[in-house]
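Only one chain is shown below, in structure tokens, and it's the form predicted on its own.
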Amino acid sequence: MIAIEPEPHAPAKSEGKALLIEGLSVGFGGLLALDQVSLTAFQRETVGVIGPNGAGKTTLFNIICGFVGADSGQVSYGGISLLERHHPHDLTKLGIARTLQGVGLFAGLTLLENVMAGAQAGLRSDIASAFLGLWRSSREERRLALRARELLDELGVGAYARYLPAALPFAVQKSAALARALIAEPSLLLLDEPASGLSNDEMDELATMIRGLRSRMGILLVEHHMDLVMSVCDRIVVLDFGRVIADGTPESVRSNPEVATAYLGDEIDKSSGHSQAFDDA
């Protein structure tokens, strides 16, 4: 059990771009993975998406990113539909970046080069300029390298910039994967189980980092470590069998009997009115 101290949660911020999901449904082989799911994520707000295994969390992320199509419903970001002619390579231009459950780093590139790769979709110079080694391409490459190193330093792994991923601890690789997402300067960051494989101390550092990012972007977070979710999220959406069963502050979700039932079946502490699900997470 990690010991991350919760802090007061700010109200949702309505300014800037917003992710809007309304009545989203998708099925696979007759089984509904998502059933009329609706949620919002505003700028300067961290929204957690939690639920038991198989609840539909990863499917939700995959639809937002264009890996999976929806059967019905609406998904938009900043007023632009993410269901019509939307592909994963469009994300950066839309202001969206995502980390993966693993790390997904390129084995043959250094950490610095991996981070720089995250900005390729937004480069101003074209392929011909890079191939010919023109000044415009070289100047942009230097700018990207400087920014990539700054991000690695910010995340505490700058000393490993010239190392290949396979030679480094998993936590260092996770930090580099996060830096690769951040170099695109997203207005919406999708974090897919960022705490997986991290130690307690590393999760404490992750929590501090997420709180720091909240002032710069909206964050949608899928995570199984409840202490982390409760400490960094302004709002939490709970999925169970593809349906939203709760949407509210961490405090309201923690005390919701339906959420406790989803996690522990009927093992609810009726004397206190809520389950120990989150206390023991």
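Predicted, not measured: the structure shown is a model, and the values here were computed from it. Quick note: we count residues from 1 along the sequence shown, nothing fancier.
One more form of this protein should be noted, the form predicted together with a small molecule, which is absent from this view; the next part is about it.
Taking the partner from elsewhere, Asn256 is found to have every heavy atom lying beyond 4.5 Å of the small molecule in the predicted complex. At least one heavy atom of Thr59 is located within 4.5 Å of the small molecule in the predicted complex.
The closest heavy atom approach of His224 to the small molecule in the predicted complex falls within 4.5 Å. The shortest heavy atom separation between Ala33 and the small molecule in the predicted complex is within 4.5 Å. Here the chain stands alone, but in the predicted complex its contact with the small molecule, taken as any heavy atom within 4.5 Å, falls in 45 to 53 among 230 to 238, 45 to 53, 208 to 216, 243 to 251. The partner is absent here, but in the predicted complex a heavy atom of Gln101, alone among Gln101, Asn200, Ser138, Gln120, sits within 4.5 Å of the small molecule.
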